[in-house]
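This document opens with one chain alone, in C-alpha cells, the form predicted on its own.
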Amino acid sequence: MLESYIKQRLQTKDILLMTHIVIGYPSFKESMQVVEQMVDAGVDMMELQIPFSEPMADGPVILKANQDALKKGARVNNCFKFAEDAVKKFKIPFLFMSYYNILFKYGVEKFAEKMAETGLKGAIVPDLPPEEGKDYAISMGKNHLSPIYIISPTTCDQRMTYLASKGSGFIYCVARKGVTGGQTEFSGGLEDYLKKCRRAVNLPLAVGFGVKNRADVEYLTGRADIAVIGSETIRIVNRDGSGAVGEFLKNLR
C-alpha cells in the first residue's frame, strides 16, 4: 500500500519528493524523457496529470500545459498507455491527477479498474469531495487504490480529520489559498498550519503549491513528509528544455 511505502522511505530520508507532470506536454516523447530524468534524480513518487480543459485548481503554467497537451492529442486512453509504460519502466509509485469529469465520462468503476490494471497506486481528484464521491471511494477501495484528499489553510480541524478518515496513502496539504504556481511564504504562518495538520491527521503529509527550490524543501523537512514540486519543473522545461529538469531536482535536497 502507498502509506506503507511512504513510511518505509521515511526511515532513510528526512523528506520525500513527489513531482508532477502533465501527460503529453510538451509531447508524449518528451514527457517520458522528463519522467526518466525525475526518477534518475531520486524522486520518490510522481503525479501524472491527465490533461483537462478546465483545471480549476491549477495556475497559468499548468493550465497552459493542459491546453497544449490537449491540442496535441492527449486523451484519456493514450494517457493510460503512457502511465502503463512508466509503471513498467520505473520502480516508484505513480498516481493519476485529474478532474472528476474525466472519471465521470469514462465511468468511475471502469476508471478505477483500469488504474489498477495499469499499476497506478492512487489518484488526486481536487474537485471531488468525499460526500459527492461515494462511488469513487468504493471503486478505489475495491481495487486497492488510494484516494488522496486535499486540505488547505482554511480547513477546520474537524474537516481535516474527516478527510483523512476517508482517504489513504497521504493527505495533500495546500500551502496557501489559490491555485498552483503562485508565490508561497515559507514562514511561521505555514508552520502553524502544518502543526494543525499534524494534530488532526494520522496520514503522511504532502505539501504543495509553491515549492520551488532547495530552501523550500529544507523548510518543509521535519514539518511535512513529502514536498511536491509541480509548476516549477514545467517552468524549467519551458525556459531551458526538458533536459534541464534532472539537474534541478538533484539540487533540491
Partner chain sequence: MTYKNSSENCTENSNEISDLEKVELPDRNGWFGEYGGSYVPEQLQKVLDDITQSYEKIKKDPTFIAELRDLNQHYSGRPSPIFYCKNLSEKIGGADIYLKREDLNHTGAHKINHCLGEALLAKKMGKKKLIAETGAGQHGVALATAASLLGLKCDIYMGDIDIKKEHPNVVRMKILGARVVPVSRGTKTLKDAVDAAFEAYLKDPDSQFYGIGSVVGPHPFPMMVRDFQKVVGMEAKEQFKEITGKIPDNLVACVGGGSNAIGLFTAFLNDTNVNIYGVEPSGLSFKDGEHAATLTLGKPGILHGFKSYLLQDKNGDPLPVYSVASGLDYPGVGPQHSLLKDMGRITYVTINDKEAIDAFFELSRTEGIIPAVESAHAVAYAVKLAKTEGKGKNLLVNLSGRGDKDIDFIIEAYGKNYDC
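Positions refer to the first chain, counted from 1. What you are looking at is a predicted structure, and each value in this text was computed from that prediction instead of being measured.
The same protein also has a form predicted in complex with the partner chain, omitted here; what follows describes it.
Student: Counting non-hydrogen atoms within 4.5 angstroms of the partner chain in the model of the complex, say which of A86, A164, L95, I151 makes the cut.
Tutor: By the 4.5 Å heavy-atom cutoff, the listed residue in contact is I151.
Student: Exactly one of L48, L190, V211, L63 has a non-hydrogen atom within 4.5 Å of the partner chain in the model of the complex; which residue is it?
Tutor: Comparing distances to the partner chain in the model of the complex, the residue within 4.5 Å is L63.
Student: At 4.5 Å between heavy atoms, only one of the stretches 139-147, 69-77, 86-94, 115-123 reaches the partner chain in the model of the complex; which one is it?
Tutor: Contact-bearing stretch, as computed: 69-77.
Student: Tell me whether F104, D127 and R159, taken together, all sit within 4.5 Å of the partner chain in the model of the complex, counting heavy atoms only.
Tutor: Heavy-atom distance to the partner chain in the model of the complex: all three under 4.5 Å.
Student: I'd like to know if F52 sits close to the partner chain in the model of the complex, meaning any non-hydrogen atom pair within 4.5 angstroms.
Tutor: Yes, F52 lies within 4.5 Å of the partner chain in the model of the complex.
Student: Would V174 show up as a contact with the partner chain in the model of the complex if we use heavy atoms at 4.5 Å?
Tutor: Contact check for V174: yes, within 4.5 Å of the partner chain in the model of the complex.
Student: Does M32 reach the partner chain in the model of the complex, with heavy atoms at most 4.5 Å apart?
Tutor: Outside the cut-off, so no.
Student: Residue-level question: is M56 within 4.5 Å of the partner chain in the model of the complex, judged on heavy atoms?
Tutor: Although the partner chain is absent here, M56 would touch it in the model of the complex, with heavy atoms inside 4.5 Å.
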